[in-house]
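Presented below, as structure tokens, is a lone chain in the form predicted on its own.
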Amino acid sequence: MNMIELKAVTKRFGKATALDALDLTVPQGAVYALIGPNGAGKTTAIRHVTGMLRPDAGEVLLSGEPIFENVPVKERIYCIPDEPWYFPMATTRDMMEFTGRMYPRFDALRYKRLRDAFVLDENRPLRRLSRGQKKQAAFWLALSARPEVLVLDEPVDGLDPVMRRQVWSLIMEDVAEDEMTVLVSSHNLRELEDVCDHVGILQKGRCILEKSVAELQGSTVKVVLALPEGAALPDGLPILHRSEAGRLQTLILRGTEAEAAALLRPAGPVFLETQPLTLEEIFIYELGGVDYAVKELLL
């Protein structure tokens, strides 16, 4: 079942096109990483999913229902933006009472149980807390609300490593037990790699790639090899990227590890090792086709 769908969504701000007929599908119970360079349209897409923006064209749906100005649908979605918002004089407890009125599934008992996970003074004004403590309060409230969809924009920025692990552990429990759907946008690809199972890459307001992580890592491979003196690579290799360091060559190839090894075997390599790509490498090399590869500059 498709939980979240963006169908040919277009959004313009003046003459600038933020989303250009964007198609996106987030399955139920998935942890979906929405990644892309700065200005690709990630935050604009998130604001459509949370119902903050109305598309100029296209549809934004949750379980087949439109999200914008649809209160029963929006009650199923909780968003933690990069900078969480609170009432100016509010404490965490004040925001808990407010959140409890906004979200029908809010679990007051869970709020109490999570006190041990988030070591905060719930009666201290949030404006007096550090950025990381405000993020902790945001997750405390979000997890207590028990949303069907949790939308995160740079979610753990400002949290220390121990708290990051604590937060992701709690989120993954809800994904496993309640099939909560998570849509997360972050530049910390190394961290996303540990938790996400689906990826969408945005570029210039369009989704240029959307697959499960297993599919991505199974269709692109990194090969490190050394060829005999005077030997050359076979013709027609599906090379995305190539670099050399002495006799060692690193190739990024389309295909599986077995396919890559079979294609390179005729060259008689004296050393050959295949490795799955990291999410960061997938991001760089997939965007390389649209001039986003790292450029070598002569200084």
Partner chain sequence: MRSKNSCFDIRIFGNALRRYWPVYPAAAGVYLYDMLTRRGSSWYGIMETADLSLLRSTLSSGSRLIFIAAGVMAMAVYSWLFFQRSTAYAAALPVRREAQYLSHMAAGFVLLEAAALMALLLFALTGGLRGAAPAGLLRVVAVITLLNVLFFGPASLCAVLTGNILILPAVYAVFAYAAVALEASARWIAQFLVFGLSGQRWLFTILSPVYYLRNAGQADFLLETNWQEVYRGYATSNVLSLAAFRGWPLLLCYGAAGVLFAALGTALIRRRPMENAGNVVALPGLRRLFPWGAALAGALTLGLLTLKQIFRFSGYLNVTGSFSKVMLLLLAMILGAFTGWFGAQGLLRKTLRVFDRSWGGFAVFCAVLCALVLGTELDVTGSEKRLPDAERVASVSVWDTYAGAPATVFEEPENIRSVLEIQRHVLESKELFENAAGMDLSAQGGALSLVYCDENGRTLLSRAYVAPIGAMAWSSAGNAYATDGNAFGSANPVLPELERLMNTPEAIRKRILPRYIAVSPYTIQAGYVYRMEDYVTVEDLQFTAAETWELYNQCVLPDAEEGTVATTRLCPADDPGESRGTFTELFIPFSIGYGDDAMADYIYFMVRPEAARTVAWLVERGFAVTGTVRAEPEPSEIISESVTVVLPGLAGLLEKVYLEYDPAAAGTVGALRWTRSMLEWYSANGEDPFRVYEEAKLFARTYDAEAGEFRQRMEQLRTAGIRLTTGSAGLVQDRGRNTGAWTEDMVGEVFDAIAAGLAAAERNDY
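Since this is a predicted model, take the numbers as computed values, not measurements. Residue numbers count along the first chain shown, from 1.
Although not depicted, the form predicted together with the partner chain is the subject of the following passage.
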Exercise. Can you check whether residue 58 is within 4.5 Å of the partner chain in the model of the complex, heavy atom basis?
Worked result: no
For this session: Look up in the model of the complex whether residue 84 has a non-hydrogen atom within 4.5 angstroms of the partner chain, and give yes or no.
Result: yes
For this session: Although the partner chain is absent from this view, report whether residue 228 comes within 4.5 Å of it in the model of the complex, heavy atoms only.
Result: no
Exercise. Is residue 214 one of the residues lying within 4.5 Å of the partner chain in the model of the complex, judged by heavy atom distances?
Worked result: no
Exercise. Are 50, 53 and 88 jointly within 4.5 Å of the partner chain in the model of the complex, each by at least one heavy atom?
Worked result: yes
For this session: Find the only residue in 195, 208, 224, 102 having a heavy atom within 4.5 Å of the partner chain in the model of the complex.
Result: 102
Exercise. Ok, 235, 65, 244, 69: which has a heavy atom sitting within 4.5 Å of the partner chain in the model of the complex?
Worked result: 69
Exercise. If we take heavy atoms and a 4.5 Å cut-off, which stretch out of 200 to 208, 115 to 123, 89 to 97, 186 to 194 is in contact with the partner chain in the model of the complex?
Worked result: 89 to 97
